[in-house]
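Take a look at this one chain, the form predicted alone, written out in C-alpha cells.
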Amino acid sequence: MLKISQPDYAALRKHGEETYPHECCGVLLGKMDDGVRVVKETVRCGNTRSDSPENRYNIDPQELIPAQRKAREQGMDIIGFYHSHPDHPARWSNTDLQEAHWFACSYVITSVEMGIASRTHSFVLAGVGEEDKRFEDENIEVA
C-alpha cells in the first residue's frame, strides 16, 4: 500500500495537468512503515525525453541524485516515482515496465484527459531481477 497526504496527492496530479500534453515525472520520498510506503514529500522533476515527451519520460540523474541525497539527509528513502499519461489510461505500459529498475518502489501513474487529471493508480515493481520483474497493483490511501 502507498499512503500519501492529500496535498502531495493533489500536487502530483496538478503537475500532470501543468505539463499536458507532455508527461510529467517526479520522485516520491518517504519511509516504509510496517509494509506501507508512506510518502513524506514529492519532488518534481523535468521530463528530459526530447524524442517523444508526450508518451515517454526520463528523470535526469542530475535531478535524481539531489533527491536521493535530500532523502538520505532527512532520514528518508526514495520509495517511488510518479508520471502522467496524457490522454491514456493510468495503467503501466510495456515501456514503463522496460524502463523501471527500482525494485520494491511504487510507480504512480495519473491519466490526464484533455488537460484534466482523472484517474491515479499505483503499481509496485516486483521481482528480483530484470528477467522476472513485473508490476503489481498497489492500493493508494490518501490521508
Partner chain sequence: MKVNIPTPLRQYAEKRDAVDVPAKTVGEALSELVARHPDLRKHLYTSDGKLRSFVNVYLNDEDVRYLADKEATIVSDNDSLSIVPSIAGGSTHWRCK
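Residue numbers count along the first chain shown, from 1. Here the structure is a predicted model, which means the values were calculated and not measured.
The form predicted in complex with its partner chain exists for this protein as well; it is not shown, and the discussion that follows is about that form.
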* Asked: Is its partner chain in the model of the complex near all of 64, 92 and 101, within 4.5 Å of a heavy atom of each?
  -> yes
* Structure fact -> Contact with its partner chain in the model of the complex, heavy atom within 4.5 Å, among 38, 43, 78, 117 goes to 78
* Asked: If you check in the model of the complex, is residue 68 within 4.5 Å of its partner chain, heavy atoms only?
  -> yes
* Asked: Is residue 55 close enough to touch its partner chain in the model of the complex, meaning at least one heavy atom pair within 4.5 Å?
  -> yes
* If you check in the model of the complex, is residue 130 within 4.5 Å of its partner chain, heavy atoms only? -> yes
* To do: Look up in the model of the complex whether residue 60 has a non-hydrogen atom within 4.5 angstroms of its partner chain, and give yes or no.
  => yes
